[in-house]
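Only one chain is shown below, in structure tokens, and it's the form predicted alone.
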């Protein structure tokens, strides 16, 4: 194959950002995307896209698990088994990746999220952090990332209220769009929250609220609150996705090739193991191809980023016994809870009016280190938010826990509650621990005979305490909304991680950023310490998880690194940070 300057693995958010940045710099770039090509037209056209069974239940846009999946166990020493039916999290596939079918909540990380160990040690003392908790600072400040948070908000046309969140870091510009007026469930939440002394604000939404043109000249249309965001592509060009914000300006570029249905199996190294020479992949015809490249950009989903490093022998695999090694270290997730309010028939919610983020309200008082943790005894927190993502007929009909699950009783309960209920949710951080990690499964392989990734994960006491505290605050707000009754779903001590229940697709860690090769895979510019011409982008770089959707931070880290690659790496090569 003809060599290229850079090969990019994956064509989701970070792949599209890097394709734009590197082709702008004049490099010849090849993108290898494992899934099919997809665009708003014809793939997301209405009314075909509004098919809940096809997309939100059977997952037509998701990675087919029959060919490749991840194996999961709760603790070391157990036998992991394959994740064969979607539940807990969703793996993206095809153009846009998970960014094509996300909800669109686009948050900035809290400044103290980025220096979490230092913040807690300074405020509460070193003994406050449990011995087995392996959290660490990023080595990058909020102030350094702020211009890139700002730029990505403009690219995606985020709607919000500057200053609305009193805990947000300083911003250089207001949000590019005004927020959507709150829908009724959000109005009730905001009213109750204000009565309790909180300052509710609009959730930052990458659901365009008006006709909008981003800095690349791409136009987006106004959201009509159709209720088909999560699990679906947006037929209105309203929800920010790689297809609606970046990829349109890449089409036709002579220095960019995109090969779909190209399944990368490893990054190729020279005899020293310190230089990547390209990648090996299986093309759409099943033929193995070696693609030479001077730079490799690993921009696939979090889990595949980690798997690719392990398969390629880049970096030392993490060993939970010794605590040494870095690849696979610090896998983390999120812990969410829900509080559902059931009103009488005089309160008409019109639940089918909703969006992934637009029209929603939140409070951020109990997230990150926005409150005094000293008397509570846990690290982290949760953002609390309310709204409706839609009222689809199969999976979006909340019922009280004692309602019948089938037959005439179920129909009667749906008739009574469908239009008269709303939910408040918490999105909680999960810290990283010494015994929670990713490695290659010794038994199971994918359809091509390549080892699957193995996840070892379960909840820790810190997270049960976190969700008990934040869910209690959410419950107080729901009570103040004055429903007839309320139900809560909260994980408690003794509840193990259950892959059958959807939590979020906010998986993090395994190829983390840090300050030196002994505590991380990547330096502050997302460059591999061990193989400097390999860069890795995605939530795999988070040293621990946060209480927000990760996309804003993922993109900011990518743009931050891209700027350094263009200003320095393309001129000098080599390590951007010397260990």
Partner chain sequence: MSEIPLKRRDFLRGAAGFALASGVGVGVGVGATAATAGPQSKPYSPTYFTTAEWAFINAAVERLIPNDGNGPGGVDAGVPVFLDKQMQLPYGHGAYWYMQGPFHPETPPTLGYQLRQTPRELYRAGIALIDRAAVHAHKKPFAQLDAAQRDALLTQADQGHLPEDSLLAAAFFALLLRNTREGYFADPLYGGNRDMAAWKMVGFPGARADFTDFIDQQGRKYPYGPVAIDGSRG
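Positions refer to the first chain, counted from 1. Note that the structure is a prediction, hence the values are computed from the model and not measured.
What comes next is about the form predicted together with the partner chain, which is not displayed.
None of 494-502, 276-284, 320-328, 144-152 except one has non-hydrogen atoms within 4.5 angstroms of the partner chain in the predicted bound form; the exception is 494-502. With a 4.5 Å cutoff on heavy atoms, residue 488 does not count as touching the partner chain in the predicted bound form; it lies far away. With a 4.5 Å cutoff on heavy atoms, residue 240 does not count as touching the partner chain in the predicted bound form; it lies far away.
Taking the partner from the other structure, the partner chain in the predicted bound form has a heavy atom within 4.5 Å of a heavy atom of residue 65. Contact annotation for residue 260: none of its heavy atoms lies within 4.5 Å of the partner chain in the predicted bound form. Of the listed positions (293, 452, 336, 90), a single one reaches within 4.5 angstroms of the partner chain by any non-hydrogen atom in the predicted bound form, namely 452. Interface residue among 288, 172, 350, 213, judged by heavy atoms within 4.5 Å of the partner chain in the predicted bound form: 350.
Contact with the partner chain in the predicted bound form holds for none of 115, 316 and 575, as no heavy atom of theirs lies within 4.5 Å. Of the residues in 426-449, those that come within 4.5 Å of the partner chain in the predicted bound form through at least one heavy atom are, in sequence order, 443, 444, 445.
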